[in-house]
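Take a look at this one chain, the form predicted alone, written out in structure tokens.
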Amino acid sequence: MTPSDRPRRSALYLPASNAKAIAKARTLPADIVILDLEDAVAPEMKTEARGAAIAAVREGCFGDREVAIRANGLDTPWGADDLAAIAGSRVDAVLVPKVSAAADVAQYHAALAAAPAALQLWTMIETCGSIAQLDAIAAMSATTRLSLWIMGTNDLAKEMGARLTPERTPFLPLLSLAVCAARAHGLAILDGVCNEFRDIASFRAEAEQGLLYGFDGKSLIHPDQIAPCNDVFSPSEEELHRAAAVISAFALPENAGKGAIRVEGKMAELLHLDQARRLIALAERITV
């Protein structure tokens, strides 16, 4: 599968310094494993964690999971060395923090010049400055490795001075704007983490909110969040039935050339046919 073909329902963060957690991640049903060198690692452990992340990637055994390493920013003492090490690894993607402008993407892209062409650049959207620059940042996907965004709602809350409530009311316009900008430029986009890792009902409600807003999946902080996340971001039986019906109806000879038809009592247009095909394709990839 190409990167764009992969299901990206669940992306689990793990401290790269935690060998047991990394070993366990190889058995978990997360679509993406993110080995974290940034927030989850203390300053005195950064160098050791970097080595552990690279070793884990080289050891492999992650199966079909996509593996990313979250680097420290280039404005930190560890960022340049992180990117140099990651560029020489076989990881699928490097995730970089606190991107606020198109120039930041260009800087990270340049720092990865020696990396294989297949290495993707993913960026966190977690600063107030990034919100006014969403379209310009997303447009960099045309000329750089940029292929995916992850929302950093905790950092946004800190910068904004906003409260991160279960409803996420202060962030709803920002989530919508980010999804629109990502889609306009062909980027995948994942929702931010839910801090309530012991309250699965609250987590599920937040995941369903992310699905409503159009996210491909959600970033996670605990293995217990994987199963409900995968469930929320997988097509339901009802959705698949409707999609199959739309595809079958448009394939009928009497509907050839029509832009809108009636399917099971509801109107279906060509845009719904495109959506149905994508939904069926996603379901097929999930079961591979």
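Residue numbers run from 1 along the displayed sequence. As the structure is a computational prediction, the values presented were derived from the model and not from experiment.
Beyond what is shown, the protein has a form predicted in complex with coenzyme A (COA); the following relates to that form.
The candidate stretches are 252-260, 24-32, 235-243, 42-50, and the one lying within 4.5 Å of coenzyme A (COA) in the model of the complex by heavy atoms is 24-32. This chain is displayed alone, yet in the model of the complex one of V193, V94, L175, L190 has a heavy atom within 4.5 Å of coenzyme A (COA); that residue is V193. Among residues of the shown chain, D36 is one whose heavy atoms approach coenzyme A (COA) to within 4.5 Å in the model of the complex.
Although the partner is absent here, R198 sits close enough that one of its heavy atoms falls within 4.5 Å of coenzyme A (COA) in the model of the complex. Of the heavy atoms in R65, none are within 4.5 Å of coenzyme A (COA) in the model of the complex. Residue contact check for P228: none of its heavy atoms lie within 4.5 Å of coenzyme A (COA) in the model of the complex. Shown here without coenzyme A (COA), the chain has I221, H222, P223 in 201-236 lying with a heavy atom within 4.5 Å of that partner in the model of the complex.
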